[in-house]
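Shown next as structure tokens: one chain only, the form predicted on its own.
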């Protein structure tokens, strides 16, 4: 096999969306799997809608996903320029060559490639298999006339089907990996490759991504920009993991993996033809699993901004109790929370008592009944197992008493929540002084 060279070629007319991120990721995986090159090319010939700001946003989204490129507009390379707007002379030269050879003609300021009948432009797609096409099928709508291909528009800009052929050839692209909506463009591009005397690359078209309602992914299915997922508390590792599974399987029911594992296992031949479904439940599961596996300091780094955003006194707690107190609090959560944002919401009581007071008011409790229990429990050694032992001993010594009737008020008084990690583990971590303060606030001690 010649050196694998693949490219991601976005138009800088918007942020990096899920479909674009998915295409970029599969190209990156194929390059890394084969020790090849991953090229970033900016297709900015739409001068009205293309902006440098969107170009930067796309690059930032790719960096966040961990998709590093080997050649591109920012780092250069041997086959640049890597922006189409900087390659206009190249497109013009090859178009003039086609005109001089009688393969194209002028129509005013535009240059049109002539489609000849009877040409077999079938190709074998790595994903979709053999696709049989004859040039006779490229006809004007509702007409028997063959539809010639515009390659240079009247404003002097190249068309997509022409520019992409010139760029892919000159950048020595070995595999064109892109969405299946481009399958219909491929025969036209093959005609141009042949007319210019160039070798045709291999093609692999990726399945479309649908929402759970089996309709094309759009805003109604939730966020579509990569950065929106970052802001929602999803991790780049889990977003990478999830996108890799849209239309590809790692085999052996493996769903949670690292970037390096995905690159090692990736094969284009295992990409499915069936449309992939963007399933938020699966994304949440994957993100939760990656959150569990994080180093405590990294996990705190992801959760901390959401505590700060909620107005919690994080810096004060770190100064008073140390960073490790917060790291250990999140470890104690045992994966509760599917995103960093949810984990922050589910653990706010470790940072401040204020959210607890806002959620729970202890109305309706028989406080006289509860105080002896809390007094007995809190007089024990301040270790989770000792606190639980004291609680069970007290309940066991009082006829008709049930553990849940006493442990649940304790959970609410300390966390303000119905569900939390083991309440005695929570109590141990909060510390005796803080727990006594919270119970006294509710009149339970």
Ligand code: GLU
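Positions refer to the first chain, counted from 1. Worth saying up front: this structure is predicted, and the values here are computed from it rather than measured.
The discussion below concerns the form predicted together with glutamic acid (GLU), not included here.
Judged against glutamic acid (GLU) in the predicted bound form with a 4.5 angstroms heavy atom cut-off, the residues 33, 245 and 267 are out of contact without exception.
Between 331-339, 158-166, 345-353, 113-121, the stretch whose residues reach within 4.5 angstroms of glutamic acid (GLU) in the predicted bound form through a non-hydrogen atom is 158-166. Proximity to glutamic acid (GLU) in the predicted bound form, taken as a non-hydrogen atom within 4.5 angstroms, holds for one residue of 16, 435, 9, 426, which is 9.
Checking 103, 182, 172, 87 against glutamic acid (GLU) in the predicted bound form, a heavy atom within 4.5 Å turns up for just one residue: 182. The shortest heavy atom separation between residue 55 and glutamic acid (GLU) in the predicted bound form exceeds 4.5 Å. Contact annotation: residue 178 falls within 4.5 Å of glutamic acid (GLU) in the predicted bound form, judged by heavy atom distances. With a 4.5 Å cutoff on heavy atoms, residue 388 does not count as touching glutamic acid (GLU) in the predicted bound form; it lies far away. In the predicted bound form, 43 is the single residue of 21-49 with at least one heavy atom within 4.5 Å of glutamic acid (GLU).
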